[in-house]
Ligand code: GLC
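Next up is one chain by itself, shown in structure tokens, the form predicted on its own.
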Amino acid sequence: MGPKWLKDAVFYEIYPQSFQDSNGDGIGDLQGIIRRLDYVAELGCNALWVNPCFDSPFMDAGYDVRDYKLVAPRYGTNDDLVRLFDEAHARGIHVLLDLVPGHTSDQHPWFKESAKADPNEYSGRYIWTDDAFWGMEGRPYIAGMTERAGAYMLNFFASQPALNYGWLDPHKPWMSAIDAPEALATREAIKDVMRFWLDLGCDGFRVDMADSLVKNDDGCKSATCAIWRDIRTMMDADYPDAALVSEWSNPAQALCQAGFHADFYLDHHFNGYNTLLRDYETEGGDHSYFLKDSGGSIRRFLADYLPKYEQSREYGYISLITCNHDTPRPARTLSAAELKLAYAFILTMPGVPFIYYGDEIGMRYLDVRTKEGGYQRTGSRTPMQWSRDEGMGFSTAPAQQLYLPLDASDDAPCVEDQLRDADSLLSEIRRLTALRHAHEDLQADAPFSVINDDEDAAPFVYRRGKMILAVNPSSREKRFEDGLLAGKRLAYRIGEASLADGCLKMPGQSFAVLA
């Protein structure tokens, strides 16, 4: 199952440009993250995922890397990142960096060399055809922009040429086999990047678009999985305490075949996770399960989740997220009361949970202009709201200089207010993370099973180890009676749940943990 520390890990995702500005330039930085590490620890998060902080032209917010081994100057220096590792470790916090292995910026030195007409050691580092007029067999490409006579494949935006890990079926002269020298060289180059940061104190990587390496490797992704198994072998031998978390959302592949320790359950339309918080793109209205009286059913989540959980639970962890930098914040449609129940569920399920910065105070999804390739994602990337001070404690820079606008509402949530309120969303999150840390039965690898999913008159009831949990997101009271409740006590609740004479009463909008 990988590093032992993952068992009790609760991650906090930090978008570095929006978290804390320490030098007044309007952009968050590494020194700002260091300054807020005590807050992260007190929140109950003992692990960080830091979005890309490497040198970049920032056409895609840092997911277009120009130098994998250099911190972007706007965030600080390599020494600052090493200090972040050290300061985090001193507080019992592990740190994952964001690895982007499928593509680089078109300003990366590797690509500049690859684009030259004369052959060199980097000519095969990216995917090129032999002629500028051949296209790329229906795949995105650019031609006519370099002195090299060929078209090069894109992995995503126009500024992101695809690195060459080979083709599963190389049926054209310009397609590399997966064991060709140039494809193997790309793999070794990424391993070298990983070793560089692991040797400096990094605790592992969240891997961007982890399934995108080998081309025409569709279906089971066998060739891409083989690359990750090779990388996992290297990590197990040299860095056994380091973790690999994939952006894949297919645990049967990512965990069972590729060897990742955890795999994100992403917000793909109509999958199980999507039905919990963001089921508002279907006909007939929003049927998100945690939206009060929406008519949503937990069975839609379970139908997708349970087969994935059963298939992969011996190999690694499925990671439920409150949100991430690509996903609309849940407060877009859910109230604080609804969010408390949703986060209680996420933080008591199997696997390794992730809290996106600001979700713990209910930061809103804002309608703001795109920044650095964010487009509709930009509204979830606005600055952290710490206080009622100018700049909401994020920065002392003038408003027009901030990386993105702040929430201008009079009731914009902030940390300072919620720390003073025992009933706030932030206070609830802190209690929930403490509960998870206190009970092994609520941690990543404790068994999970469904006790009741018929929610007509009873709440959704599930088991973690020897503990029984129940949630009722509706507005009407529900009850559950069963011999399983004998000898149990109410260990935690949200709302006015009560247990007496073997009957669990769950008023509307309530959550309960029985030990």
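Note that the structure is predicted; figures quoted are calculated from it, not measured. Sequential numbering from 1, following the sequence displayed.
Just so you know, the form predicted together with this ligand exists too; it's not on screen, but the next bit is about it.
Interface membership of residue 480, defined by any non-hydrogen atom within 4.5 Å of this ligand in the predicted bound form, is ruled out. When this ligand is considered in the predicted bound form, residue 121 lies well away from it, no heavy atom lying within 4.5 Å. Remark: residue 325 counts among the residues lining this ligand in the predicted bound form, judged by a heavy atom distance of 4.5 Å or less. Under a 4.5 angstroms non-hydrogen atom cutoff, this ligand in the predicted bound form has residue 208 among its neighbouring residues.
Proximity to this ligand in the predicted bound form, taken as a non-hydrogen atom within 4.5 angstroms, holds for one residue of 221, 261, 381, 329, which is 381.
When you look in the predicted bound form, the only residue of 108, 94, 103, 215 with a non-hydrogen atom within 4.5 Å of this ligand is 103.
Note that among 56-64, 34-42, 484-492, 447-455, the stretch whose heavy atoms approach this ligand to within 4.5 Å in the predicted bound form is 56-64. Shown here without this ligand, the chain has 156, 160 in 148-168 lying with a heavy atom within 4.5 Å of that partner in the predicted bound form.
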